[in-house]
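The form predicted alone is given below as one chain in structure tokens.
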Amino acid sequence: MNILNIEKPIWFMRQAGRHLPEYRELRSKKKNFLEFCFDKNSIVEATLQPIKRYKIDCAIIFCDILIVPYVLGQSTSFIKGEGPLLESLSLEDLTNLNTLPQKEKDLQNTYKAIKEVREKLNKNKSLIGFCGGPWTVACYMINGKGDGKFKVATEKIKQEKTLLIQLLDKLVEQSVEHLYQQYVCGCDTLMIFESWAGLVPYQEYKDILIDPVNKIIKKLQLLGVSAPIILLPRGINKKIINYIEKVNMDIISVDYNIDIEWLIKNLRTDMILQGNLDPNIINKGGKELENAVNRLLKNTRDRKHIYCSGHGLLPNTPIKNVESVIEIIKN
């Protein structure tokens, strides 16, 4: 069942992750993250853990947005306490990367895991597949690591835009293939995480943000994909109105820095919304969390809304706080 067919659906970004003791125990059995990320049994178990613990409506397949550069042959690793580390390559070298058969073989375990998850998952719950937005993945590939500013990547917009567009087009093709395989294997809803959209100058939105994701959506439609598509353009604030008008998604995921009351007043009524809950407030809990959830419920009472965190749950988020969010919404 896709996410649009569920009444008042609830899920959380990074719901399968470090805030769950069962996840930490599972993760400890593998030496490194990529080994864990491509192990079929680990994927299945990590994906289903939040469903077993919480009364939520959606599972999101356990994966990572950086499997795309990995499959393209850019050496990729994950350093504990530091995050992802990618091989340093010029933009021209990045545009010349091609998929490696052995790396694609690793990815087949993800698709096999999706089939198994779909078999085990209640038919009334949604299974979400995803990828990173082309610009966001390019940021990591160019920068070599994540630092929140991606200065090296953003400078390429001015310095080597033609090559950057070529890289984005390559990532579009790889993303389409990855999303399509997730869909045919059992994902009924698809999401694109454009986590670093806020770093792009507004005058470059069309070339860097809008055109690439529209190409993904159009190509998926031509392949017969009927799953609703969610887009998260994090950090673009009030420019989100323009973004929504230009991108052909089904659902817009709203990060927690956007004033949802302002957005609803300025947005067409048929646009389906997701998210906006601040993971920092979920982490704190108490009256502040209760008030935030009730405020979101009040603001969205007259329209279709998918209740979700506006970004990933923090590693030290208390389980009781997540349960509290679910209880308030369900009741």
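On a predicted model such as this, the values are computed, not experimentally measured, just so you know. In this text, residue numbers run from 1 along the sequence as written.
There is another form of the same protein, the form predicted together with a small molecule; it is not shown, and what comes next is about it.
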| request: From the candidate stretches 113-121, 176-184, 222-230, 190-198, select the single one in contact with the small molecule in the predicted complex, where contact means a heavy atom within 4.5 Å. | output: 190-198
| is_contact(Arg303, the small molecule) in the predicted complex, heavy atom dist at most 4.5 Å | no
| request: Considering only heavy atoms, tell me if Tyr54 and the small molecule come within 4.5 Å of each other in the predicted complex. | output: no
| query | Is Tyr70 a contact residue for the small molecule in the predicted complex, using a 4.5 Å heavy atom cut-off? | reply | no
| said: Since only the chain is shown here, I'm wondering whether Gln15 would be in contact with the small molecule in the predicted complex (any heavy atom pair within 4.5 Å). | reply: yes
| message | If the criterion is a non-hydrogen atom within 4.5 angstroms, does every one of Lys149, Lys284 and Leu314 touch the small molecule in the predicted complex? | response | no
| note | From Ile43, Leu273, Leu277, Ile60: within 4.5 Å of the small molecule in the predicted complex by heavy atoms is Ile60
